[in-house]
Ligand SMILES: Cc1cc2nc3c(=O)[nH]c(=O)nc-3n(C[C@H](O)[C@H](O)[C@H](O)COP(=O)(O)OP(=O)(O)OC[C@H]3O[C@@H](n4cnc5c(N)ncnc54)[C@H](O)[C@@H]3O)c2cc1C
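Given next, in structure tokens, is a single chain: the form predicted alone.
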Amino acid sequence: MAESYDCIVLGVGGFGSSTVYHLAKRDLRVLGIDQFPLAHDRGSSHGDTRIIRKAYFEHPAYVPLLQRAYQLWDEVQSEYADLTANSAEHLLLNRCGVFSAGPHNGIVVNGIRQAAKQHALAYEDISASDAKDRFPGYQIPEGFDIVFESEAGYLHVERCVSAFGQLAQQHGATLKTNEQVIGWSSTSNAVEVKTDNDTYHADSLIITAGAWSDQILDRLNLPLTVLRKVLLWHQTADRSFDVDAGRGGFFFDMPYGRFYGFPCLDGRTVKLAEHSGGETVHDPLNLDRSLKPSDTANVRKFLSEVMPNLDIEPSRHVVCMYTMTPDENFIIDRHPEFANVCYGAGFSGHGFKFTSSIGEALADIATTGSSALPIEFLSPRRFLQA
């Protein structure tokens, strides 16, 4: 007879790998299933780095989740260091700081200040004259306000997913990769998951399927749209962008789009991308991974205006996906038909930094029916009330 589990997690990307880790730490029998290998490049959690920050302009209600996420990232880092003999190559989080620039009355700068004041977070307002010394290499548009958060930084994204997976297995979890889910079903006290390789049973199920959420949760008719997004690396000889020189990340709220990026990590290239825009993806398995002229049009304009010391043509690119909700806030809930099924979806291109805390929240819901973390504002019921 096939082994039965306490919980099965469908999708072991950023959120799924964290959820498996948190469940396994509770000495539960956990199975994680993914159609791709661990820390793969076919979904949303890849491309070397992701920004992390606390003063959250998107919505101040995210800040407590971020504060918990930071605590958990430090705990995971410590545990992963023990597993990997504390090698610098296995660092997960770098608090190098991030500065944001935009119009005085813009959503980004105002949102950062409001979130910081509401939650008593440290941040700096930087004058235009000081910014020239603090952030060389950038031509910040005249009239822009500039704010800096020293606790912000970046996460090594594939490394984080791999760390969650390895640590989960250390705690006894089972991972089944390269298996495609055919379907799942639930009764009041059991779930069944069929893949192209086997059939698995458990007491509960957590679905963190990323761009495939709409397919796996098709009966819920969640308001999800998948967007194609391009990450770019541009060469530079300007050492003022180097992380070794103490440089951090950046976020610009321009009239024609929002752009973010990272310090130079390899001594040669700076990674950046346009956060806004994106083409709709109808089939995540057949994502167009080529680089098209439309992918770089706004970035070229941004580079010419703000970062002219970077080569205008990218030397490397990666394509990933944003799974968007109408209000760009996450969806986390129990399944309305099955109390032993819960899910997280629609992380809208800004979710990875939360994987440590949202994984904990999903583990809470699956084991106790609720979480002490403040996730009520992420319920899908908000769309029914609109």
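Every value quoted in this text rests on a predicted model; they were computed, and no experiment measured them. Sequential numbering from 1, following the sequence displayed.
Not pictured, yet referred to below: the form predicted in complex with the named molecule.
*Asks:* What stretch, of 137-145, 307-315, 172-180, 102-110, brings heavy atoms to within 4.5 Å of the named molecule in the predicted bound form?
*Replies:* After filtering at 4.5 Å, what remains is 172-180.
*Asks:* Quick one: of L28, L65, I51, M324, which gets a non-hydrogen atom within 4.5 angstroms of the named molecule in the predicted bound form?
*Replies:* Among L28, L65, I51, M324, a heavy atom within 4.5 Å of the named molecule in the predicted bound form occurs only for I51.
*Asks:* Of F302, Y123, Y80, Y260, which residue is found within 4.5 angstroms of the named molecule in the predicted bound form when only non-hydrogen atoms are counted?
*Replies:* Of the listed residues, the single hit is Y260.
*Asks:* Using heavy atoms and a 4.5 Å limit, would one call L23 a contact residue for the named molecule in the predicted bound form?
*Replies:* No, L23 sits far enough from the named molecule in the predicted bound form that none of its heavy atoms falls within 4.5 Å.
*Asks:* Mark L10 yes when one of its heavy atoms lies within 4.5 Å of a heavy atom of the named molecule in the predicted bound form, and no otherwise.
*Replies:* Output for L10 is yes: heavy atoms within 4.5 Å of the named molecule.
*Asks:* In the predicted bound form, is there a heavy atom of the named molecule that lies within 4.5 Å of any heavy atom of F252, even though the partner is absent here?
*Replies:* F252 lies outside the contact set for the named molecule.
*Asks:* Any of the heavy atoms of I33 lying within 4.5 Å of the named molecule in the predicted bound form?
*Replies:* Because a heavy atom of I33 falls inside 4.5 Å of the named molecule in the predicted bound form, the answer is yes.
*Asks:* Mind listing which residues of 335-353 have a heavy atom within 4.5 Å of the named molecule in the predicted bound form?
*Replies:* Residues within 4.5 Å: F347, G349, H350, G351, F352, K353.
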